[in-house]
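Both blocks below hold the same protein chain, though in two forms, and each is given as structure tokens: structure 1 and structure 2.
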Structure 1
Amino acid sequence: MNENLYSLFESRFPADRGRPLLLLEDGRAVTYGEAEARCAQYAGLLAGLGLAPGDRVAVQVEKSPEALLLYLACLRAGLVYLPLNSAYQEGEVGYFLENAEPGAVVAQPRSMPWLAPLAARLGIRHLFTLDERGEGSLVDAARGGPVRFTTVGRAGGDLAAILYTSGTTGRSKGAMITHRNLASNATVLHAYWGFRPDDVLVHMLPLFHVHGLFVACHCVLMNGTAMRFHAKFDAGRALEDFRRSSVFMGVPTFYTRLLAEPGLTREACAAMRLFVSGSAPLLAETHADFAARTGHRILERYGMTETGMLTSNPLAGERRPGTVGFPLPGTSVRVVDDEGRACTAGDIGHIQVKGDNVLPGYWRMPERNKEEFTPDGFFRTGDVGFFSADGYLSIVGRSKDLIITGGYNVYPKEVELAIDELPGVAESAVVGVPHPDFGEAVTAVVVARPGAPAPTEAGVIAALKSRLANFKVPKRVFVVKELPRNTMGKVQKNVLRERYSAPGD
């Protein structure tokens, strides 16, 4: 049996290959038949270069239909797909290429002045361009090639992709993702979220990230249906699409921007059946506001680059704000204390996971792999959280974000929730910064709510003193216009720590 992920997708393609896979902004469509043919041409081109199964192909391009087809071509040819954030610069890309040693690189034309010398220095012989219009030397080289390609046989444990983690605490690690990892997660999500034969998904996420590439695209490919494919998020276009679509996946920022649109109404969302949020925590207030405006309760889930999706609020049942739901079928999730003992309901501890969706390890980091897994095979996520008595998981934060002040542990999420309830506060982020006396000082960065009186440092501290133990109350509060975020909407706490650790703060 061929366990190549592409073979699984192909078994789910519609019998009528004339049905659309991608519905584009300009009104054109890419059918399943066209996708198969173009994907075959790219796979044939790469294989014809002498690339062998297991060789890496690094891809740093803007979103386009061809970018998605290139990913499928790499799967089909048994190659290992290495997506890179299109915002990465020369120094970052240089590290990834040196570490992964790809056999070929596909990149944006604007990167060529520095990428070509870099590739030459690293001995990478095959370099192609692909722009946001889906044009470039890759497309030119594949044009006219055979439109049939026999999918290369792969075992479930063979690598399908390497995704580099964000590296906020040091050099990025290459998460090795297998065909089995991706197939198991795609199969579970497709069933758990109840995909239907007539579903149409609105796709506005980037393709270099787990959310857009593995979660959204894989669900559609498993369903054999269509997605409305946009280069980037646009609230106005999203509202138009909602009237003729059924599923939307986004990061919390997408939902806050949608809520700023007067056109977001129950009528505008009447055709929709499911809104999913992930990649960063969704504020309970956003959840409530969206439900009030649209009648839809956003389904929040939890996953990681290394594991795919781990938990999800239920499709049928209570979608509880502030939680990420239950462990998905086939995934074991546990919360343990510092000694590895199981925590009781409500007690905060370290989240660990096990299942076919969990990576085998990091690329060329055997020592790190020993640290990341427990003796009984659970992966240490680095997240801390707790289970409720009825089984809902809540994420408190990253273990590296834990603040130890005067010997006491402070979980930032607890302080953030208290701050977010105060008048005039839109959102907040809490970090620990070096302190000569306490070791770390709890520091809050607060975004004021538009149109309301701005909170003050003294006011926030005074209000919290009646709600939290004194050691949890921030020593300093900074009011800002917005929080720094990465491309997936996650607050960059490392940036805040650096910014507010400066002398004089």
Structure 2
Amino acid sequence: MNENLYSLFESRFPADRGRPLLLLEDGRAVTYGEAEARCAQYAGLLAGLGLAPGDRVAVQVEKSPEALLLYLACLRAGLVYLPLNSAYQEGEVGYFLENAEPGAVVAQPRSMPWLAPLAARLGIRHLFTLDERGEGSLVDAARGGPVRFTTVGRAGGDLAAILYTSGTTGRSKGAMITHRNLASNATVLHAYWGFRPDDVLVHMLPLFHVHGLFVACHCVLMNGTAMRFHAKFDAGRALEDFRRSSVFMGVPTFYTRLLAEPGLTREACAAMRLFVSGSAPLLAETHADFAARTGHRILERYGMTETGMLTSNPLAGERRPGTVGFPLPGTSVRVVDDEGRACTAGDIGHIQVKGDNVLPGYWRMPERNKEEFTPDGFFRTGDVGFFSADGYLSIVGRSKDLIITGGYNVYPKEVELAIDELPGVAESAVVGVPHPDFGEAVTAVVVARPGAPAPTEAGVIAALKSRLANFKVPKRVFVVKELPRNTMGKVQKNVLRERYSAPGD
């Protein structure tokens, strides 16, 4: 049996291929028929380059309909899709390309001055451009190609995508995601959230991470219906769309920004049936304010790049604020103590998971696979939480040193390593402090090197901007004489978090 995820989607496409898949900001639409044809052309182009099933295609582009079709084309051709956040800088991309050894790279035209020499150095023969308007050498090369393509047969365990996630050591790991991982999660979410034949989803998330690419797009593709497709989040546009749509998915920052709009009313959301939040904790206060203003109780769910979606508040029963709901069908979620013994309800412990949605391992990192999985095959999420007596999971913290800012993960170690390389810096510590818009804000505390000119806040921020994706760059930098340490010599990040969370800092 062909377990290619694309074939599953295709089986759900509407019989009338003239129906829209994408409704664009400028009023145009991309129908299912057009999507199939253009996707076939990209698949044909990539296969024609000599790329074989299992080869990686790295893609660092802004969001556009073509970017989505390119993803579907990779699935269809049996190639492994490797999406990269468009904010990543040269050094970050260099590591991913060196590690993943893609057969082809598709990137923004503005990246070519540094990307072309990098690709040449790494022996990557095929390099294409694709810009935010959906134009570039990729589109030119595919134009006029056959509009049919026979989807390549894949087994469920074959790779569909690799998504890099940073690690506590500062080195990124490629999460290997299989066709089965994605198909099982898509099938479960589509059913659990009760998708209906007339649903229209408002899509404002980026396309290079799990939430926007897999969770949102897969639900729509499984439903064979349309999404209103926007380049990025815009609260005003979202409100306009809510009047003629039914489902919205976002990170908590989307919801706090919507709450700042006077136009967010019960009447503006009357056509909507479901608001989903995830990727970062949704404050119970945001949940309550949103319900008071719109009459809608946001449905919060919990997931990870490595595992897809794991738990969800129910569509029908009580959506309990501050919790992430129940394990999804087919996913085992357990909470264990430091010794690996099951915790009882109410007791806080480590969250571990198992299921068809969980990755088989990290790309070329056998040692990490041993550490991240338990001997009985559960994946260690690094999240800490507890189950209530009636089965709702709450996340109370993380055992991994991680900051989530506006739904993006930032590992302090990576930022600290970049800061420590700057002239005049002896050492640094990076923490997350509460932020009204982004939930948490990356904050750096820097110790100057004796005898060297002291670094300045503006200087550190400017230097980091060319080295790190913008969301990793600290919003504030404090230069201090020394870092607080415990008796073991370990930096006390909790002390720093408290110190720099104070209003006025």
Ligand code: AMP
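Here, a residue number simply tells you its place in the sequence of structure 1, counted from 1. What you are looking at is a predicted structure, and each value in this text was computed from that prediction instead of being measured. Definition used throughout: the rigid core is the maximal C-alpha set that superposes within 1.5 Å between two forms.
A.B. asks: Which of the two structures shown, 1 or 2, corresponds to the form predicted together with the ligand?
C.D. replies: It is the second structure (the form predicted together with the ligand) rather than the first.
A.B. asks: Based on C-alpha superposition, what is the hinge rotation angle of the smaller rigid part between structure 1 and structure 2, rounded to whole degrees?
C.D. replies: Hinge rotation between structure 1 and structure 2: 159 degrees.
A.B. asks: Check the Cα of residue 415 between structure 1 and structure 2 on a core superposition and give its shift in Å.
C.D. replies: Comparing the two forms, residue 415 shifts 24.5 Å at C-alpha.
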